[in-house]
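To begin, one chain is listed below as structure tokens, in the form predicted on its own.
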């Protein structure tokens, strides 16, 4: 059975409420001197590494936004930039040893905090919630990539006629 509009609307409200709550919790319980955005950049560099442009794409931010975060992290000795040997205009990003240690500290602090908050949950409930969040994220990410699919040779890959003809 298809999802009803009121269910989709309620899900949107729940997701936005979760985002607001996470921001508030992160702000109130900031145990490290790294903000949420910078922590996300550290995590993505750790997971993906490589070219800055690919990391920006994965984070869904512009190159200038990522560059500002990286500059702050680099200044603090958490990230290192090196020229890409295949394209000297591009940069490769990697965590320094201090960056790896800081990311581990951040993740340990967040895990401890969430474990405290989830004291009334059991393992099954937490795992089911994680599965649902991952599925929703994957669905939205896939739909977003499809909607933002690049044009191929001046044609919309979804249609047969050239864009100029429309």
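Residue numbers count along the first chain shown, from 1. Source: prediction; values computed, not measured.
There is also a form predicted together with another copy of the chain; it is not shown, and the following applies to it.
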Item to check | Heavy atom within 4.5 Å of another copy of the chain in the model of the complex - residue from 109, 98, 52, 48 | outcome: 109
Checklist entry - If you check in the model of the complex, is residue 118 within 4.5 Å of another copy of the chain, heavy atoms only? => result yes
Next on the checklist: Can you tell me if residue 129 lies within 4.5 angstroms of another copy of the chain in the model of the complex, counting non-hydrogen atoms only?
Outcome noted: yes
Next on the checklist: Test of understanding: in the model of the complex, would residue 58 fall inside 4.5 Å of another copy of the chain by heavy atoms?
Outcome noted: yes
Checklist entry - Can any non-hydrogen atom of residue 140 be found within 4.5 angstroms of another copy of the chain in the model of the complex? => result yes
Item to check | Contact set, 1 to 23 vs another copy of the chain in the model of the complex - heavy atom within 4.5 angstroms | outcome: 1, 2, 3, 4, 5, 7, 8, 9, 10, 11, 12, 13, 14, 15, 16, 17, 18, 19, 20, 21, 22, 23
